[in-house]
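Starting off, we have a lone chain in the form predicted on its own, written out as structure tokens.
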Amino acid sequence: MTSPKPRRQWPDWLAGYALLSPALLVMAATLAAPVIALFVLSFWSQTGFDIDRSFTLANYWKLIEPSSEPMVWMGIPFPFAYPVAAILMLKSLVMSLVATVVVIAMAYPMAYFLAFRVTRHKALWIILLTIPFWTSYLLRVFAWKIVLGYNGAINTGLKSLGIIEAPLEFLLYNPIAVMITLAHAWIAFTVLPIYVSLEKIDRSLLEAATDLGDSRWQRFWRVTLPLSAPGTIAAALLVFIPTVGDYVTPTLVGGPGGTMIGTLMQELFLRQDNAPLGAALAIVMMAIIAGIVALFLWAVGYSKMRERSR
């Protein structure tokens, strides 16, 4: 009898890509294709409803074209002929950064409590954290509009307690309202990555630190925080990247003072009939965010952190 032919063994890397192929195809169709379409559109021009498909760099030049009279905003000069794009980009980055810091500051204690203090029914606690996802993002933003509004819950409560005589007008339609709403909307996204990172920490390392004389705070700063850094950084990026381009929240609770770069892109695409300029602005925004994220990951040594946490 002839022995059966040995089955052909595929390389591990090829087998891995074969398993990833369905997800990669979906990502290519739903993510890469729209980005490529935006990139191509950014080199066209539009007049009214007519799009000229001739190659041009006019859209990108309009975003960086210098001006002899720089516009000053918050004490910062913007020497561009179209300064609104640069101003809103800087404003969006600052607001998203503040919202991210606030979210991480609130999410980390919650994740720490889940990982180190909850010993029973952890699955139930995690399900409770996902309750905000049971309603749409739009409804959550509208809820904050009701809470912060002129006749909203905060003003009504303060008036009923006699603390104020007239409703506070500064609660809504400003950058603070936008950052509060963003923080509430994204906090559930940040708890889970941080929790997973904390849950993976070997408890024997904490016991060893205690045996060596570390106090509770020293153990946290020397062991827990560094080992949970990959999850914390991932959570921060998960909030920072999408909130920079958000336009739903600024539109509903931001008002003129809380306008962000996403609002400008919506105006260019839907109201000013200048989709190529909006596409060029979107490409520039993605490039800036990618550069900031890459620089941040390099600065914090993210790859080395992952190796140490394994």
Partner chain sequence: MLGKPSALFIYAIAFMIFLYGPVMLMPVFSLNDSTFATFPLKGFTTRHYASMLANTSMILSLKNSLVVGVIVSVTATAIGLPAAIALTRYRLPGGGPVLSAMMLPLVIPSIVIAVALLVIVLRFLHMNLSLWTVGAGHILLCIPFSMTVLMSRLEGFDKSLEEASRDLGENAWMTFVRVTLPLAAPGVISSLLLCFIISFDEFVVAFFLTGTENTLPVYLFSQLRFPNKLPGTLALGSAILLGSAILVVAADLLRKLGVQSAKPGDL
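By rigid core we mean the largest C-alpha set that fits within 1.5 Å across both forms. Just so you know, these numbers come straight off a predicted model, no measurement behind them. Residue numbers count along the first chain shown, from 1.
The same protein also has a form predicted in complex with its partner chain, omitted here; what follows describes it.
Q: Which of 205-213, 71-79, 86-94, 108-116 has heavy atoms within 4.5 Å of its partner chain in the predicted complex?
A: One stretch meets the cut-off, namely 108-116.
Q: Even though the partner isn't displayed, in the predicted complex is P256 close enough to its partner chain, meaning a heavy atom within 4.5 Å?
A: So P256 does not count as contacting its partner chain.
Q: Classify M286 as contacting or not contacting its partner chain in the predicted complex by the rule of any non-hydrogen atom within 4.5 angstroms, answering yes or no.
A: Output for M286 is yes: heavy atoms within 4.5 Å of its partner chain.
Q: How about I163 - does it come within 4.5 Å of its partner chain in the predicted complex, if we only consider non-hydrogen atoms?
A: I163: no, not in contact with its partner chain in the predicted complex.
Q: Mark V98 yes when one of its heavy atoms lies within 4.5 Å of a heavy atom of its partner chain in the predicted complex, and no otherwise.
A: Answer no; every heavy atom of V98 is more than 4.5 Å from its partner chain in the predicted complex.
Q: Only counting heavy atoms and a 4.5 Å limit, does any residue of 135-163 reach its partner chain in the predicted complex, and if so which ones?
A: Heavy-atom contacts within 4.5 Å come from T135, S136, L138, L139, R140, F142, A143, W144, K145, I146, V147, N151, G152, A153, T156, G157, S160.
Q: Please check if T30 moves between this form and the one not shown, taking a CA shift of 2 Å or more relative to the superposed core as movement.
A: Shift at T30: 2 Å or more after core fit.
Q: Could you tell me whether the Cα atom of S215 shifts by at least 2 Å between this form and the one not shown after core superposition?
A: The answer is no, as the C-alpha of S215 shifts between this form and the one not shown by less than 2 Å after core alignment.
Q: Aligning on the core only, does the CA of A287 end up 2 angstroms or more away between this form and the one not shown?
A: No, its C-alpha moves less than 2 Å.
Q: Taking the shown form as the reference, report whether the CA atoms of F133 and K200 lie closer or farther apart in the predicted complex; the distance changes by 3 angstroms or more.
A: Closer, not farther.
Q: Where do P230 and M27 end up in the predicted complex, Cα atoms closer or farther than shown, with a change of 3 Å or more?
A: So the answer is farther.
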